[in-house]
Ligand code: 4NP
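Quick setup: one chain, the form predicted alone, written in C-alpha cells, and binding and motion questions come after.
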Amino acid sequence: MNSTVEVCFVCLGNICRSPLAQGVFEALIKKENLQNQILVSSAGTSHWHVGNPPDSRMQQTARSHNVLLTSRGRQFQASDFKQMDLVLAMDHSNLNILQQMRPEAELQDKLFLFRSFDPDNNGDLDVPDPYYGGDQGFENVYQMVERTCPKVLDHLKTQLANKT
C-alpha cells in the first residue's frame, strides 16, 4: 500500500482526551505495523494549552496502561480539514466548533464524534472532560478510548483499501 490516511482527535485544550486518543491509537497502529499508512495527530479547539505536554494526570493514567503520550498541544485550524481524512471530536461542544469552522465541501464523511465508533456508547456520544474531576475520571476516559480506537482503526483500514 502506497496510500496514507490521516486522523486527528480533537478536544478542547488538547491536553487530556485527544492526546490520550492519539497515544492509544499510535500504539495500536504500531502493533499492526500500519504507522506508515495511518498518520495520527491531535488538537484542541482552544488555544489555551498550545505547546504544552498532556496533563500530568492523563500521562500517569496512560503510563499505567503502557501508553506513552508524546504530543504537544496545538490548536485545530480550518485548513487542517483539507489534509485530514477523519476528524474525531471528543464531545458535542467541540463538534459544534469544528462544524462552524469547516469548509463545507471538505467535510463530507470526515467529521464525526469519537464515541460514534464506541461499541458501548449506549447513546452517550461524549467523552467527558476529566480535567476538573478526580483520578477515576481519567481512568474512565482511558477505558472509553481503549475500546473505541480499534473500531476507528477498522474504519481507516476501509478507507485505505478504497484508496488503493
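The numbering used is simple: start at 1 and walk along the sequence shown. Since we're looking at a predicted model, the values are computed, not measured.
From this point on, the text means the form predicted together with ligand 4NP, which you will not see here.
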- [ ] Report whether the minimum heavy atom distance between residue 49 and ligand 4NP in the predicted bound form is within 4.5 Å.
- [x] yes
- [ ] May I ask you to check whether residue 15 falls inside a 4.5 Å heavy atom distance of ligand 4NP in the predicted bound form?
- [x] yes
TODO: Spell out, yes or no, whether the shortest heavy atom distance between residue 129 and ligand 4NP in the predicted bound form is within 4.5 Å.
DONE: yes
Task: Partner contact for residue 11 in the predicted bound form: ligand 4NP, 4.5 angstroms, heavy atom - done: yes
Open item on the list: Can you tell me which of 130-138, 25-33, 115-123, 61-69 lies within 4.5 Å of ligand 4NP in the predicted bound form, counting heavy atoms only?
Closed with: 130-138
